[in-house]
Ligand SMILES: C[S@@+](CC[C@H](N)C(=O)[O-])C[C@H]1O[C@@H](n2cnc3c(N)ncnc32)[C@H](O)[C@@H]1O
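Single chain ahead, by itself, as structure tokens, in the form predicted alone.
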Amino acid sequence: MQEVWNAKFQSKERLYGYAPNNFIKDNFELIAQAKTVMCLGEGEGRNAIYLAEKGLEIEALDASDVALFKLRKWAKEYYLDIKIRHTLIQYWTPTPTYDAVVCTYLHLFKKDQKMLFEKALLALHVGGIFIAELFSESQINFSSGGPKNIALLYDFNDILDMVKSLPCEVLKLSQEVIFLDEGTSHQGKGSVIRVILKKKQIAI
């Protein structure tokens, strides 16, 4: 996967544009008071830059060193201090360090998708917020971007089952058809799953 993404990010242009993801932007008030934020699968950094400009302390994780190099350069141009973590999410060992975790379009195979939710919640302080926008399996019927392998897309009912076993309050979980306008790689109608979770104290 690293080689695949490095090849995609070789372009001088930013594949998904310069603006933050709309779902992250529209729900910023939920994390406005956060001090530390982890951006998972952050790529070239559009969400990380947006949140850092808002004054939050940002860490960005991605498997592509090419994308993270572009993120570093972008952050330097804006005089922003963003921590970089170059690794696959499979190798990341989270600790409850963050007030928020955000993630947009992190493509994982079915066997690893529950891990995304488990690790995001492990990374949060109690009361922390996880916000994610992911391509649903229905995206296979659209030409606006995303994987053409259904094994890398997400099923709404699978996510519903996942979160039932996790220490969280579901603030939002929906599958929606939206209009994507994110750089050259996400253009047109698309089917997404939108998730907002709040970490709860684990009962003893």
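Just so it is clear, the model here is predicted, and its values are computed rather than measured. Don't overthink the numbering: it's just position in the shown sequence, from 1.
There is another form of the same protein, the form predicted in complex with the named molecule; it is not shown, and what comes next is about it.
Residue 61 versus the named molecule, in the model of the complex: is there a non-hydrogen atom within 4.5 Å?
Flag for residue 61 set to yes.
Quick one: does residue 89 come within 4.5 Å of the named molecule in the model of the complex, counting heavy atoms only?
Heavy-atom contact with the named molecule at 4.5 Å: present for residue 89.
Indicate whether the named molecule has at least one heavy atom within 4.5 Å of a heavy atom of residue 116 in the model of the complex.
Because no heavy atom of residue 116 falls inside 4.5 Å of the named molecule in the model of the complex, the answer is no.
Tell me, yes or no, whether residue 131 is in contact with the named molecule in the model of the complex, where a contact means a heavy atom of each within 4.5 Å.
Result no; residue 131 lies far from the named molecule in the model of the complex.
Location of the named molecule contact in the model of the complex, chosen stretch of 123-131, 75-83, 106-114, 93-101 [non-hydrogen atom, 4.5 Å]:
Flagged stretch: 106-114.
What are the residues of 19-36, in order along the chain, with a heavy atom within 4.5 Å of the named molecule in the model of the complex?
Residues within 4.5 Å: none.
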